[in-house]
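Quick setup: one chain, the form predicted alone, written in structure tokens, and binding and motion questions come after.
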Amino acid sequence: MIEFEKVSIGYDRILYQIEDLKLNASQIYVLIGRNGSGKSTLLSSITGEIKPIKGKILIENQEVSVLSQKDKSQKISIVLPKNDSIPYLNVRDYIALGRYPYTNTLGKLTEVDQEVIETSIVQVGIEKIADKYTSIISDGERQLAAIARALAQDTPIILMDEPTAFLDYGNRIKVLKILQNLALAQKKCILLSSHDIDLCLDFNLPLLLIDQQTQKLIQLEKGTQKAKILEVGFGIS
């Protein structure tokens, strides 16, 4: 799904390196690291918004740099940590924006598109706010709507930058369960950044750690994850 070949992540300087890493379908990977370590930079590099300083990032065996914007929007959806309201746009229409990579030049939604939108609303459990304006719902509800929009976009790869940041504990668990089931059932590759390390450990998810001491991204082996996190000084219980 996503392959890194001797990649250096950064802007004007290298933040860290990824030697050879492959992220597979049917799996959720959690990206962890200190604030400012380069988690968002990695996600932007995968979408092609930021070019790696060195190396190649491949999406389904194609280098990101050669993909058209339409190709990328059909392969990758992204959920940002902060989602602002859009005046006079209700939640259902906001989620429908996820279907536009597949519409014609007029942007007309088909019956199939409408079914996908409604399924996404039900999956995330936001039926009660579907007809409310995005300007009057809470930050947490807007975050759930953004996740539903990504599900409606129906891409093989979903990137999420702190997707549970504005959610209460119950909804954090709910979202991770939804994503875990979705990854397995629809063979999606989901990469999300998170500071909620305890919860991710409870779900036994693969962790990708940005180790600022070695300036490398490393995949932690299950069973040793907590010990390694404590070794680099992360505060977990």
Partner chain sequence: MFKGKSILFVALTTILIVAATIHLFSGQISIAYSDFLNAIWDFDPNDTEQIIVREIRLPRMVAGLIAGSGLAVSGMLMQTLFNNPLAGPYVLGINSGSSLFVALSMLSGFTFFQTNLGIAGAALTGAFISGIVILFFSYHLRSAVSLLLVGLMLGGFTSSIVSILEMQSGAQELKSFTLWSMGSLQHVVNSQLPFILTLFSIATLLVVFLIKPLNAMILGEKAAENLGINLNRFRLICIGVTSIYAGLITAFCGPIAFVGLAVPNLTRIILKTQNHGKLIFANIIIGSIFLLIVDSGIQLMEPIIALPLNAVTSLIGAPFIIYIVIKKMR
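What we label the rigid core is the largest C-alpha set whose atoms superpose within 1.5 Å from one form to the other. Positions refer to the first chain, counted from 1. Just so you know, these numbers come straight off a predicted model, no measurement behind them.
Below, we turn to the form predicted together with the partner chain, even though it does not appear here.
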Query raised in the report: Do residue 142 and the partner chain come within 4.5 Å of each other in the model of the complex, heavy atoms counted?
Result: no
Query raised in the report: Taking the shortest heavy atom distance, is residue 125 within 4.5 Å of the partner chain in the model of the complex?
Result: no
Requested in this report: Classify residue 26 as contacting or not contacting the partner chain in the model of the complex by the rule of any non-hydrogen atom within 4.5 angstroms, answering yes or no.
Outcome: no
Query raised in the report: Does residue 180 reach the partner chain in the model of the complex if we count a contact as any heavy atom within 4.5 Å?
Result: no
Report summary line: Only one of 185-193, 44-52, 203-211, 165-173 has residues with a heavy atom within 4.5 Å of the partner chain in the model of the complex, and that stretch is 44-52
Query raised in the report: For 91-109: residues with a non-hydrogen atom within 4.5 angstroms of the partner chain in the model of the complex?
Result: 94, 97, 98, 100, 101, 103, 104, 105, 106, 107
Query - C-alpha of residue 85 moved at least 2 Å between this form and the one not shown on rigid core - result: yes
